[in-house]
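In structure tokens, the next block holds one chain alone, the form predicted alone.
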């Protein structure tokens, strides 16, 4: 059964360091929420506050409507999966999965049935008689997940569970976790610094910085409509490109001046930027929303190729525009060389504008 999680003004300090700053957060029942951010942003501390592994300095934690702020982890109706697999090496897979049920004095018949059910769900039923040393990293991680969900918790908390796996295994386990959540529907809070994991797994993403949530939204919105320069520069592979631009009045509307290049803003921006046409703004645009022309030309932003990286299905170019460096995704067959002068066309509808002082997105 899934449960709602609510944090009210939760604050956690370690001496003079404030790890979580008066955080308000609601995780909907049955939701898969990802806490995303760089190291030291407070995401793991937030998870540990939900779990009861850290005592909050201020604020309240609610799970399924109950105030659990003062309750130990065992009484919160939660299960955790950690970065390290934390499986018992001297026990078989079956005994590892059954450990929590045995500690609760669950009848043997029910333990056997539930262990078999969860093993089949995670596709490890044929491994039940093996020991952890006989398993691959991905299989051990499945055992750790199975041990958590066999308890039928109201809330499943996962702290970077895939970070010890190689790239191919991470790809496979992401798909497994998504399928698993769809089938069991448990409220899940997942901590990661890997934004690819966050975008692929989360129903919503809470992007954290310095103990605060700077944006909480769907993966599509966080990627396409970042609320701040930090979010735009953190999300995406490669992250969003930034160009210094001057707002200027043009016949029939507003435009942007980037060096000697002028760009007309699409109608959606007209009337939303005020009348201060001397403003300096930061223009953001994704690598895939820039079209590359092998030759400079009229109406094209002039650039110089610095590095060309073939990536199979695409080619990633690092280009210099004035003092700014951009990453551009293009056709792998486009013949360009370092030092070559090229032209760029920006997709107007995909332009994002930010205030350089507040770092917040405009309009």
Partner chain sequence: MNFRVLRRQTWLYLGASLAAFWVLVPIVFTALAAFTPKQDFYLWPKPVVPRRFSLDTMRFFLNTHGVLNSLLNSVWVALMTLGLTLGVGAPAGYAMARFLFRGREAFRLGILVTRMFPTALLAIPITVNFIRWGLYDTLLGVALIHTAMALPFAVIITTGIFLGVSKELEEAAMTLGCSRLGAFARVALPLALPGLAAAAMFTFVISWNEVFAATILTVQNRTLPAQVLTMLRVSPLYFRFAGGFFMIMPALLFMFFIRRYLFHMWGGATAER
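Here the structure is a predicted model, which means the values were calculated and not measured. Under this definition, the rigid core comprises the largest set of C-alpha atoms superposing within 1.5 Å between the forms. Residue numbers count along the first chain shown, from 1.
The form predicted together with its partner chain exists for this protein as well; it is not shown, and the discussion that follows is about that form.
Would you mind picking the one in 180, 135, 287, 87 that has a heavy atom within 4.5 Å of its partner chain in the predicted complex? Of 180, 135, 287, 87, the residue with a heavy atom within 4.5 Å of its partner chain in the predicted complex is 87.
Considering its partner chain in the predicted complex, which of 173, 80, 281, 128 comes within 4.5 Å of it through any heavy atom? Selected option: 80.
Mark residue 147 yes when one of its heavy atoms lies within 4.5 Å of a heavy atom of its partner chain in the predicted complex, and no otherwise. Looking in the predicted complex, residue contacts with its partner chain include residue 147, since a heavy atom lies within 4.5 Å.
Indicate whether residue 74 is a 4.5 Å heavy atom neighbour of its partner chain in the predicted complex. Output for residue 74 is yes: heavy atoms within 4.5 Å of its partner chain.
is_contact(residue 306, its partner chain) in the predicted complex, heavy atom dist at most 4.5 Å: No - in the predicted complex, heavy atoms of residue 306 and its partner chain never come within 4.5 Å of each other.
Taking 4.5 angstroms as the cut-off for heavy atoms, does residue 168 touch its partner chain in the predicted complex? Contact check for residue 168: no, nothing within 4.5 Å of its partner chain in the predicted complex.
Site test, 53, 99 and 151 vs its partner chain in the predicted complex, non-hydrogen atom cutoff 4.5 Å: All of them do, each having a heavy atom within 4.5 Å of the partner.
Within 4.5 angstroms, counting heavy atoms, which one of the listed stretches 118 to 126, 213 to 221, 88 to 96, 197 to 205 is next to its partner chain in the predicted complex? Among the listed stretches, the partner-contacting one is 88 to 96.
When the two forms are laid on each other by their rigid core, does residue 94 show a Cα shift of 2 Å or more between the shown form and the other one? Superposed on the core, residue 94 moves its C-alpha 2 Å or more between the shown form and the other one.
Note yes or no: does the Cα of residue 105 move by 2 Å or more between the shown form and the other one after the core is superposed? Yes; residue 105 is a residue whose C-alpha shifts (by 2 Å or more) between the shown form and the other one when the cores are overlaid.
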